[in-house]
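One chain follows as structure tokens, the form predicted on its own.
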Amino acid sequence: MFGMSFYGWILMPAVILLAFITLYPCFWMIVMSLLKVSTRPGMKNEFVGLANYAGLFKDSLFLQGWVIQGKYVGISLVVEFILGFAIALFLNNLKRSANVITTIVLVPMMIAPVAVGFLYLYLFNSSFGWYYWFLRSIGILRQGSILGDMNWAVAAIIIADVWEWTPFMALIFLAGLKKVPLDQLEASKCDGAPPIRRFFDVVLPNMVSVIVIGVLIRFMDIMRYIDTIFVMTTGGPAGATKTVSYYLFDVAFRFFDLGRGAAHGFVLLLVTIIIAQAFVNIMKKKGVQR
């Protein structure tokens, strides 16, 4: 106890507060997932064991939600990663007006997700939406509504997500690029390595930890993300954009099945942790091999 460092004692209040904020709700989520929670006055909760979990895996909307979630998360992350890295490289090579351009690029991530949802709701509107008009003009969209089409609706929420959160990835990658050792870049350049070779041999290996942090933060955030979906499509049309996280909102706060919603949330949490840990392990192995 007395062997704890000065910095440990300084951090202790924050650690205790953070543990209380996170562990206490997590504990009650697990407890509620084993109960049939009653919302009626005077009615007691009923212990049902693992029945809530068993019911989830018999629910077609829950299983379908994972498929939609996989498409939404996978495509969004890949596009945001590629565009974010490209923007970060562009900003890193700027000589003049770098701060001004960087600030402009970062504006979308400063906007509230609900506001972004309303913005794209109007842009995709079939009566006066600019995106709708543009897609019709170039022949990609022939008829009907974008947000009313089962295929286009998923693409629409992905576009909104990419527009808002690509700057976040760019900001993290830009910070990583600033930390790449200049002596290694100069040595590689003196050896006659072309830019692409320098990127893969020098830049990427020095950014493994930054890439892991950026992708993990964005992955964990997008797994629980429903704000834009709620405004743009409310899970429709015909459940085409009802991700597993959005379905959790329906179960817990529309149907008020709190026990089942807690089980739903706990499964979502476990899957997020498992996938995140697997990604970290893969990136660690690649970093060690390099």
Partner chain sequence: MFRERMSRRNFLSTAGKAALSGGLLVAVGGIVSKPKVWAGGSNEATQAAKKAGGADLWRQYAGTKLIFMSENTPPSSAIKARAKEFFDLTGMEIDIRQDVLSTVQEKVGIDLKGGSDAYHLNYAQDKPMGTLFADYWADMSQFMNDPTLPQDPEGYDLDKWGYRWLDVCGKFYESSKIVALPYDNAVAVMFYRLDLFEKYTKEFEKQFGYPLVYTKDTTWKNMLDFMKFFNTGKYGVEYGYGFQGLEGWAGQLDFQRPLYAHGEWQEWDMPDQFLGTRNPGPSRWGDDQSVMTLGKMQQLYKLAHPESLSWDWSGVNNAFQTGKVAMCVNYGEFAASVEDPKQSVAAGGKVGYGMDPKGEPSWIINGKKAVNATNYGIGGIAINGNLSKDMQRAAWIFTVWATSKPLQMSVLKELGGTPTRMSVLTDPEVVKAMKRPTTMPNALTYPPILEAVKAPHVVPGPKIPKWNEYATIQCIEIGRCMQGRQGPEETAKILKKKLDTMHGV
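Positions refer to the first chain, counted from 1. All of these numbers come straight from a predicted model, not from anything done at the bench. We call the rigid core the largest set of C-alpha positions that still match within 1.5 Å between the two forms.
Heads up, the form predicted together with the partner chain isn't pictured, but that's what we're talking about next.
Candidate site formed by 128, 145 and 233: every one of these residues places a non-hydrogen atom within 4.5 angstroms of the partner chain in the predicted bound form. Proximity of residue 254 to the partner chain in the predicted bound form: non-hydrogen atoms within 4.5 Å are present. Using a 4.5 angstroms threshold between heavy atoms, residue 201 stays clear of the partner chain in the predicted bound form.
Under a 4.5 angstroms non-hydrogen atom cutoff, the partner chain in the predicted bound form lacks residue 48 among its neighbouring residues. With a 4.5 Å cutoff on heavy atoms, residue 282 does not count as touching the partner chain in the predicted bound form; it lies far away. If you take 235-260 and check each residue for a heavy atom within 4.5 Å of the partner chain in the predicted bound form, you get 235, 236, 237, 238, 239, 242, 249, 250, 253, 254, 255, 256, 260, in sequence order. Once both forms are fitted on their rigid core, the CA atom of residue 270 lies less than 2 Å apart between the shown form and the other one.
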